[in-house]
Ligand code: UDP
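Single chain ahead, by itself, as structure tokens, in the form predicted on its own.
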Amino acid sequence: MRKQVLVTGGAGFLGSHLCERLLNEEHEVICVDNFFTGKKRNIVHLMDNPYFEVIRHDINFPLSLEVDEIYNLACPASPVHYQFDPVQTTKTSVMGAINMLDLAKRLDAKILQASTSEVYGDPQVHPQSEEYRGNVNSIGPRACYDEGKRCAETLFFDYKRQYDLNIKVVRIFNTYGPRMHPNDGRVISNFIVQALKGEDITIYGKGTQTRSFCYVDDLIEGIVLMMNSREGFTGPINIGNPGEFTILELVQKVIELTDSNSKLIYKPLPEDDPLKRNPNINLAMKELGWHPTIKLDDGLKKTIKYFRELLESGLDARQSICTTVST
């Protein structure tokens, strides 16, 4: 029997891959998106599926639907976008969570929150496990997202405690792959687009800061496994690739794989940009039997192919100037 599943932010990078996965599992999928960062091109190939529906809606306002499960992914996820309107970003994280939790409560539906490694801030513990409470600047330029997501987690667990709601919370670490927004300021999309266009590649700081990069297919597998995990297991749980690379190591891989002649230029590190970000995934391996399987080089090749085709299609992938790099 098909489940009816709601995916908020369903036209975004992660949301569109999740919608596709759920349709392949023969569920009915309702994609809700206000298209602030989501793109119709991400889901156009799903439109002919009779079990796929798209609703343009901002989850800051209540929504009345009948569904069995809710994946709450709606929120700008890169500094370029979430700092554009920080008040709206906080509202989406907090009010959007309340509206989706109220919907789940009315329907007695299972609901999953797409949280983020940003709840750890600029971590003083490495790698980061779920028990670590973080080092977050509550009044900095990234706080609208960091603290918004932390508050959303609070709301999820309060709804669990007060209403016995069936919740799941995942903390997503750096993810990349096809359908990334080309001008969102994320380090992989920045490097690939600059390399393909032969532009200077921008390094923020000295490039010695480290990140872990999870290919989108691995990430979606972890999210779906979490939604289907044993009753009573709520998380939060880290979903990410524990393989750690410096920014300089990443840029060298991109230059090599794109056969680019781009030069490196260095700019100051943005405020509160973490120096290290790496997930401890022991809990995910234990509870979900999950671990990433796609190597960085293989994922980069698929992502480069996507951006090359995007550029060749005539879409200007650098319509806005990126001034910061997402983690």
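Because the structure is predicted, anything quoted here is derived from the model rather than measured. Residues carry their position along the shown sequence, with the first being 1.
We do not show the form predicted in complex with ligand UDP, though everything after this point is about it.
Would Tyr204 count as touching ligand UDP in the model of the complex under a 4.5 Å heavy atom rule?
Result yes; Tyr204 sits at the interface with ligand UDP in the model of the complex.
Would Asp273 sit within 4.5 Å of ligand UDP in the model of the complex, counting heavy atoms only?
Yes - in the model of the complex, heavy atoms of Asp273 and ligand UDP come within 4.5 Å of each other.
Using a 4.5 angstroms cut-off on non-hydrogen atoms, would Asn190 count as touching ligand UDP in the model of the complex?
Yes, Asn190 is a contact residue.
Arg150: touches ligand UDP in the model of the complex, heavy atom cutoff 4.5 angstroms
Result no; Arg150 lies far from ligand UDP in the model of the complex.
Looking at heavy atoms inside 4.5 Å, which stretch does ligand UDP contact in the model of the complex, given the options 209-217, 150-158, 252-260, 133-141?
Among the candidates, contact is made by 209-217.
Just one of Gly121, Gly222, Pro178, Gly185 has a heavy atom within 4.5 Å of ligand UDP in the model of the complex. Which one?
The residue in contact is Gly185.
Name the residue from Val169, Leu196, Ala109, Ile247 that puts a heavy atom within 4.5 Å of ligand UDP in the model of the complex.
Spelling it out, the residue with a heavy atom inside the cut-off is Ile247.
For the three residues Asn174, Leu269 and Arg277, which mark the spot I'm curious about, does each lie within 4.5 Å of ligand UDP in the model of the complex through at least one heavy atom?
The answer is yes: all three residues contact the partner (heavy atom, 4.5 Å cut-off).
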